[in-house]
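Quick heads-up: it's one chain on its own, the form predicted on its own, in structure tokens.
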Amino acid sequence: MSKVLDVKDLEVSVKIDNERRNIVNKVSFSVNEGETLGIVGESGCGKSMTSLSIMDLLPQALSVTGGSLTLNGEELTKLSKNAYRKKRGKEMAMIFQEPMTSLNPVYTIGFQIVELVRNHTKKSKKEAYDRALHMLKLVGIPRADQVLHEYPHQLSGGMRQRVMIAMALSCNPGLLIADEPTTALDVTIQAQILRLMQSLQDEMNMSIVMITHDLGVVAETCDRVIVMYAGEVVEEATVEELFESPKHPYTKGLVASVPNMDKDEEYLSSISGTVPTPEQMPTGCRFAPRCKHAFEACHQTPPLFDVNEQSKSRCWLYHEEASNVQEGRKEVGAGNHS
């Protein structure tokens, strides 16, 4: 299975008090052809900044300061702005969280899709118009011929999100990045959008990076998952492994916080504390201040350990020596108690 996207040691930094601080730190992952990779974590963990780095759409204050981004074997960080712009929309596309801020309010839906198609293909205006109409029908928009002449504010949230998907897929990109594509939608529309994306993926053999904080979306749509915390990857696993046997304490906290209708729980589980800001980033393990299992080794930064063939975890508990220390500590504690 060939790699469509390969991210290695990606660093994104911001300048704070004349000093550059990493908000995305040494992030690595890959996406295979036809695969859906989930990126999960709380708000502020660096998920969206990672995706915007791939698309070269970072805010002006932020910049990629390290690592490599390879799309279909081509190094993206070496491209000019113009060359990068030609790849956006044609070889890779992105669906943003809020379509109302992504669609231009002063142009019709049809104008925006036609312009996108003509910018990336050699189609005539008539052919681009036909393509736009076909894409709107493909994503399940009723009266598509009328919607082409309407403005974004005339459509519901679910319809605007479908328009964004139609625009993103209008040039058949091999990679689609979906940044919280269902956050602002009600549950029924969420399910429709996710089913739509899966059917289009099967039809086009497209790779998807699904960015979300909703583990339900991950369970339903993803093949593999990376969990991010404070700008770092803390766990990588198949979706089955992640839910059946989460490894990192942060991942365990996320999975435990999902409401379970089969259990009679009086209180919902939660992770105490908040994600640190770049100015307050702790030394060593970034999750240690919130972790119930933190011990001496956590003052040093852990690498991403290979736990088994299917999962990795950035936690000292999976280092042999650290595990022995923990076991010894438990035995001593048990002896003192007796």
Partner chain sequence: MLQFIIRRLLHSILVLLAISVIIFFSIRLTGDPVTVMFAAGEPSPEAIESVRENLGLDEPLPVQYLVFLKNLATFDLGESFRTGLPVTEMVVDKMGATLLLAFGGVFVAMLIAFPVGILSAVKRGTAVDFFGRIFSLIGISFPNFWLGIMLILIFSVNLQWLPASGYDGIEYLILPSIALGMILSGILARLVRSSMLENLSQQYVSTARSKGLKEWVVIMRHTFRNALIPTITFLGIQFGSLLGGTVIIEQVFSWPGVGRMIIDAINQRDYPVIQGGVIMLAMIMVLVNLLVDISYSLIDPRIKAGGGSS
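Numbering follows the first chain given and starts at 1. All of these numbers come straight from a predicted model, not from anything done at the bench.
The following text describes the form predicted in complex with the partner chain, which does not appear among the structures shown.
- Task: With heavy atoms only and a cut-off of 4.5 Å, decide whether V106 touches the partner chain in the model of the complex.
- Result: Judged by the heavy-atom cut-off of 4.5 Å, V106 is in contact with the partner chain in the model of the complex.
- Message: in the model of the complex, does G89 come within 4.5 Å of the partner chain, counting heavy atoms only?
- Response: Heavy-atom contact with the partner chain at 4.5 Å: present for G89.
- Query: Does M164 reach the partner chain in the model of the complex if we count a contact as any heavy atom within 4.5 Å?
  - Reply: Close contact exists here: in the model of the complex, M164 approaches the partner chain to within 4.5 Å, heavy atoms only.
- May I ask you to state whether L57 is within 4.5 Å of the partner chain in the model of the complex, using heavy atom distances? Because a heavy atom of L57 falls inside 4.5 Å of the partner chain in the model of the complex, the answer is yes.
- Item | Sole residue of T101, S124, N205, S80 within 4.5 Å of the partner chain in the model of the complex, by heavy atom | Among T101, S124, N205, S80, a heavy atom within 4.5 Å of the partner chain in the model of the complex occurs only for T101.
- Okay, which stretch from 26-34, 66-74, 292-300, 49-57 lines the partner chain in the model of the complex, with non-hydrogen atoms inside 4.5 Å? Of the options, only 49-57 has residues within 4.5 Å of the partner.
- Message: Would all three of F111, L116 and N119 be in contact with the partner chain in the model of the complex, where contact means some heavy atom lies within 4.5 Å?
- Response: Yes, all three are in contact.
- Determine the residues of 133-157 with a heavy atom within 4.5 Å of the partner chain in the model of the complex and present them in sequence order; the list may be empty. Those in contact are Y151, H153.
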